[in-house]
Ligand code: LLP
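Okay, here we've got a single chain as C-alpha cells, the form predicted alone, with questions on binding and movement later.
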C-alpha cells in the first residue's frame, strides 16, 4: 500500500494535490510520501519481530539525506558501498555500529574512513580486500569486524544486470573457498570474523532462491563450527521484488516465514538475522511527475514528449523496466496509445511504451514506483540539471533537494581536490598546492567553511613542498583570516604526508608558517609531537597594550578579571576558573578577545587545575568563537600552570574535543604538543 491515491479525478500525495506540488516546485520532480516509507519500514520490522534482527537499508537505492534521517530515526542500520554513502548516512545521524560496508572495490581511503568512524562490519568479497583491511586496521591500532560475502551460485531468475549470486558475477567469494578464507581471517591480527553474508540479486519474485541461498550460508556456518569458528549473525542481503505494474511478489510475511523457517531448522546455534532491503522500502514511496511538452504524431505512433527523460529515470532504458504511468488529472476524453519519451538525444530515452492515456499537451503525468534507483541513478547527460525532490507528510510539503541550475553544472568542473582531516575534534580541510596550485580567496574560504552549504571545517590548511621534508604551511580560520600557527593542523598535515608517501618517515617534518618553523616528529601510526616554539610573555609578542607583568587585571564584560598572557605564535589570555562547566566562555571570552588592550584580538582560555599533571580547558578563539580544541591554547594554559607552580610537565590538557599532552621544561625551552590525527575523507569542490 502507498499514499498516492486519486480523490475524485485528482491525484494526491497523502493529503496534498500533486498538481499543486508541481506548480510550486516545477517539473520534473520526485515526490516522496513519508507515511509510505514509514509504513514499509514497520512492515518489514514486524515481519521479523519474532527473531533478533537488524534492518540495514541499502543506501544505493536512494541516498537523500532527509529520507536517510527518517530511517535513522526509526532505528535503521545502513548498507553502504562507498565512502560517499558513508558520509551521507553519518550526516543523517546513523549509528556507526549499525553500518555494513559492502562492495567489491573498497579503497584504502574508504577503509580508513570507515575504521575511523567505527562502523559495525565490513562485508568482504576477496582475499586481497581482506589483507588490505587487516593492514590498515593494524596500522590504526584497531580491530575490524568482517563478514565474508559468499557467492552461492544460485539463479535468482531476475534481470541479468541485477543478478549477483551466480558464479560468473563479480560479487562474493566462491562458496567452495569460504572455509579457507575464514581460517585466513583467524590468523590475521587486526580482523575479527563476526558474520557471513550473501546477496543474490534484486527484484526477485520467488522465495526458493532466498531459501537456497540462506541454506548454503548455514551449511558453511555449520562447517566453520567444526573448526571452532563461531559467528554472530548471517546477512541475507536484500532483493525482494515489488509490484511495479502486474507483478505479484511474495508478501513480507511469506518472505520472513521462509527465511526464519530455514534459519531455525538449519542454524547450528543461535544467529542474528541481518537484512539489507532497499527497493522494498523505497520503490513505492515515490512518484516522478513530468509535463507533456508536445504530442507528436508520426506515421506509426504517437509520442508524448516529456520534460523528464532517461537522465531523471534510467531504469526503462537500462533494464527495459516497466513503470506504471498515470495522468495526474483524469480527463473525460478518449484514451490514446502513446510512447512516453524524454528530450534526451538517444533512441533509448523513454519512460513507457504503448500506454493508453487520456492526455493533452501541457498535462502532467506521474511515473509510479520510482523511489528506488530513480533519482539515485540520475545523470547530467546532455548537460541536463537534475530535478527537485519533494517530501510530503500528511498535508505538508518540504523541498528536500533543490532543482539544479546550469550554474551548478558548470561549477562542478571547477574542481579543487581536498582531503578532510581531524585532530582533537578540529575539522581541517587540507589543500596540497603541489597537486593543484589554486589558492582560495577569503570569500571562498568563508563560503566553503559553512557546515550546511559548504564542506564544513574549522580551518583550511595549505601545504606546498619547499624541499625534502620541508613544506610551506598556511592556516586560515573559517572567517578567511590567516593564523600564525596551528599544532592540531600540523599533526593533520603530518598524517597526510605519511599516508601519501610524500616524505621520508624516519626524518622530522618541518612546516614553515607565516612567522616560524614548526617541527613535527612521528611517534606512532597516527600520533605526533609538534614543536610549538618557545612561549613569549612580552606584551609586544602578544601584543598587549599594558606593562609587562605575570598577571593582568582589566574590566571586561562589566566585571574585573585577572588573566595571564602568553604568545604561542598566537596570542592567548588565560583565566583560572573553579568549575570549567560554568566558565563564562561566550560572554567574558568574547569581551576579553575584543578588549582594546588586545589591538589584534586574542584567544581566551578558561583553565581549571585538576592536579599536578592535568587541567581542563575551554577556549574562545578569535574569529571563531568557542572551539572544541585549540592546540596553541592548550600549550598556553599548560605553560602558565607550570610557570606558576600549579602543574608539572607533562600536563594532560582536557578540551571539549579530547586530550593533548603538553611537555615544557621551563624558561628558554620549546613547548612540545603530543596528540593524534586522522583522515576523514577525500573529495573535490
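These figures come from a predicted structure and were not determined experimentally. Residue numbers count along the first chain shown, from 1.
Quick note: we don't show the form predicted together with this ligand, though the next part is all about it.
Output flag, 458, 603 and 621 jointly within 4.5 Å of this ligand in the model of the complex, heavy atom basis: No.
Mind telling me which stretch in 113-121, 313-321, 179-187, 565-573 gets its heavy atoms within 4.5 Å of this ligand in the model of the complex? One stretch meets the cut-off, namely 313-321.
Taking heavy atoms and a 4.5 Å cut-off, does residue 305 contact this ligand in the model of the complex? Flag for residue 305 set to no.
Please determine whether residue 238 contacts this ligand in the model of the complex, using a 4.5 Å cut-off between heavy atoms. Residue 238: contacts this ligand in the model of the complex.
If you check in the model of the complex, is residue 276 within 4.5 Å of this ligand, heavy atoms only? The answer is yes: residue 276 has a heavy atom within 4.5 Å of this ligand.
Should residue 373 be counted as a contact of this ligand in the model of the complex, where contact means heavy atoms within 4.5 Å? Close contact exists here: in the model of the complex, residue 373 approaches this ligand to within 4.5 Å, heavy atoms only.
Position in contact with this ligand when the complex is considered in the model of the complex, options 203, 151, 449, 422, heavy atoms within 4.5 Å: In short, 203.
Taking this ligand in the model of the complex as the reference, which of 426, 284, 102, 485 has a non-hydrogen atom within 4.5 Å? By the 4.5 Å criterion, the partner-contacting residue is 102.
Using a 4.5 Å cut-off on any heavy atom, which residues of 56-71 would contact this ligand in the model of the complex? Result: 58, 60.
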